[in-house]
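Here we start with a single chain on its own, the form predicted alone, put down as structure tokens.
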Amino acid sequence: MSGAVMAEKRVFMTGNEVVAWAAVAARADVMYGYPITPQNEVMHYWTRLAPKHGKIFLQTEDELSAGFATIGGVLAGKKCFTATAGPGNVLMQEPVSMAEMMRLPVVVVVMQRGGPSTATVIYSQQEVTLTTFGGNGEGFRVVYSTAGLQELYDHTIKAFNTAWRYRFPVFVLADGYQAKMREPLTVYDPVERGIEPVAPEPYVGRPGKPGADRPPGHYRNTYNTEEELYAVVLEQAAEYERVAPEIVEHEESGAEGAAVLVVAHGVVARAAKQAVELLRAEGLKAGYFRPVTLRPLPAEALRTAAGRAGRLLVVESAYGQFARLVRDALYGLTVDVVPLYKPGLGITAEEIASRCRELAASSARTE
């Protein structure tokens, strides 16, 4: 595999290690970061790989600095990324809002931890609202919610291409379980699989005289009048909505005629999928729907699946953050949406299956 960044092989890694390897495979140049559990090892592994692959790492004084340094690197034409969690994700929203306003291809990996505030350093799905619509903008960003380490590798690579192709900030939203657990997966050079990395280009410092040899670049995050901002936001909204169908991803099975459609995302979707398989083996009509992109959400596919099912069971390790996205997408439909919320706790397939049996039994009694 001459010229490949890495040979394709099976490995057994933690999620944090996977992110570092995937960033190398994606031809990332620089990581800026600040320590916060449970993502610390992303930085640790990156610093081990960086000297071997001609990469750079800079630890900044905080997450604000890491975010703005990432923006600076992108403006200079480098593929840059950062990683954070919890309170760090809160601080990261200011630079991400700037990247959203200036249409900069910033990549952020988030390993969710419990909240509010410092809370726990272990696991949750409580950073959904923050990551999908954080900051003081309109949420013109892409959010991939990964469910396992192979997907974490694949979508970290994809995040860089999506960011540089569409020029919107991109989040890879994982969690503390994925950060720390080990799983077998295949690492590979995307080029060897026909996935050509989108080449970066500088925003500033280009050769030639602006306005004479080349068009001038206007990269602004501040506007003088309401009308000026209004026009820019509408232009961004139109572009975001135009490309959204090219970005959205989801998984589903068994929605047609399902008595209960289980809707989940991220690592919880693994338990949901297993629960549905168990229920089908018992003869219960159960379906499964999982958005891979939380922003943009595959709303049309979700509405179609929900319209073919009896009830929806929305399962998440938060208190309704994901459910709010689901309910917003389903506005106008009469389908019954039932919650299974366990903020900050893992959710097993057995718990989901048990709740589905209860719902199926209650539906049978009312018929």
Partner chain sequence: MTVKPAMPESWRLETKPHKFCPGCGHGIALRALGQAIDELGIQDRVVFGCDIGCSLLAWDFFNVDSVQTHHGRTTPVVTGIKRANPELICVAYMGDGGGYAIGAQHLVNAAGRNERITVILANNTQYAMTGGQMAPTTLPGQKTETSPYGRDPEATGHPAKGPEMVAAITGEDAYVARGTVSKLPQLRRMMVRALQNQIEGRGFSFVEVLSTCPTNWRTNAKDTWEFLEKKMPAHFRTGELKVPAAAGKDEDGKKAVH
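Numbering follows the first chain given and starts at 1. Since the model is a prediction, treat every value here as computed from it, not as a measurement.
What comes next is about the form predicted together with its partner chain, which does not appear here.
- By the 4.5 Å heavy atom rule, the three marked residues Phe68, Gly72 and Pro216 all count as contacting its partner chain in the predicted complex.
- Contact annotation: its partner chain lies within 4.5 Å of heavy atoms from the stretch 52 to 60 in the predicted complex, the single such stretch among 311 to 319, 326 to 334, 298 to 306, 52 to 60.
- Comment: its partner chain is not present in this chain, but in the predicted complex one of Lys78, Arg165, Arg103, Arg280 has a heavy atom within 4.5 Å of it, namely Lys78.
- Of the candidates Glu192, Glu138, Glu94, Glu239, Glu94 is the one whose heavy atoms come within 4.5 Å of its partner chain in the predicted complex; the others do not.
- Within this chain, Met98 lines the site of its partner chain in the predicted complex, having a heavy atom no more than 4.5 Å away.
- Contact annotation: Ser253 falls outside 4.5 Å of its partner chain in the predicted complex, judged by heavy atom distances.
- Residue contact check for Val204: one or more of its heavy atoms lie within 4.5 Å of its partner chain in the predicted complex.
- Though the partner is left out of this view, Thr129 does not reach within 4.5 Å of its partner chain in the predicted complex, counting heavy atoms only.
- If you take 220 to 234 and check each residue for a heavy atom within 4.5 Å of its partner chain in the predicted complex, you get Arg220, Asn221, Thr222, in sequence order.
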